[in-house]
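One chain follows as structure tokens, the form predicted on its own.
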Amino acid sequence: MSKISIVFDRVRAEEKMLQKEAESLGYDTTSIDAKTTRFSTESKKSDYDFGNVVLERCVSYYRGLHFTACLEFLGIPVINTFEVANNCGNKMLTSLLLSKNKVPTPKTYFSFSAEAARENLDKVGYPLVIKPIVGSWGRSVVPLKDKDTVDALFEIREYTDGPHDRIFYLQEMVKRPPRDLRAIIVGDEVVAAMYRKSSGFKTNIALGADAELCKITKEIEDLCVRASKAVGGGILGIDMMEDEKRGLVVHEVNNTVEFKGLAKVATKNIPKTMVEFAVNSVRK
């Protein structure tokens, strides 16, 4: 019998659904709290009972990333891999990989000081959107529409001076309807998709956007597969916008994607598909 472990740092509805589906499929299933698990350079695979495969589901990006590194050090299969988690968790790496693999994505500008970022703004012009290279739920994503906003925001960054404050990720403000599109892809299968509608700038469900089921077209399917392959594949959330001129563009790829809302209306069983993919990935 296959055994699957679900690693978490906060139990959400998603982790409960994954455990329920794994158990209903007949797999020995355990949930493991990353916060209470210890590793060392002397650790061995035999010291633990993670089973055949691990689903890493930590809310904290850095906790999950480094936990994954420890699992791979022990030779324990984990989804998603460290490489994929690193690629998706850093927006700059994601944008570079999407562009390198010719996946349509918003124009994005990188600089490594406030002075160089101002030069980018002067050259490209307003408006642009500034985003932290690491972050979720739309936190600290701000539209830059004028010099006063830039001065205030850059002053805050100069004061906090965290390591990510020194990396300026500026993205074009895509002309789109008041919504974006989130699709969940498992391997090469686009399992479900939804529109996230909002009257405001941000379309995150966590910030109150409304969800509406979206039909999976050939264009959506092809774009999701290409975006997934660009970052390394696995179980991913692909976020897209409908540009007025270019059509769909991918602006983010999510590593530990949330699916509670979409699971309620999707025709396919999302957590079941994820569990089956995880188990089958180590049977090959």
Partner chain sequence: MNCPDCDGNINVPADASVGEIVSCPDCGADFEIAKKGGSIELKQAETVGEDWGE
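Positions refer to the first chain, counted from 1. For clarity, every value in this text was computed on a predicted model and none was experimentally measured.
One more form of this protein, predicted together with the partner chain, exists but is not displayed; see below.
Out of the listed residues D28, D33, D222, E242, D33 is the one that sits within 4.5 Å of the partner chain in the predicted complex by at least one heavy atom.
Taking a 4.5 Å heavy atom cutoff to the partner chain in the predicted complex, the contact residue among A230, V53, V257, L248 is V257.
Proximity of F277 to the partner chain in the predicted complex: non-hydrogen atoms within 4.5 Å are absent; the residue sits far from the partner. Mapping the unseen interface onto this chain, S99 falls outside it, with no heavy atom inside 4.5 Å of the partner chain in the predicted complex. The closest heavy atom approach of E23 to the partner chain in the predicted complex falls outside 4.5 Å. When the partner chain is considered in the predicted complex, K268 lies well away from it, no heavy atom lying within 4.5 Å.
Stretch-level contact analysis of 132-140, 69-77, 146-154, 110-118 against the partner chain in the predicted complex, using heavy atoms and a 4.5 Å limit, identifies 132-140.
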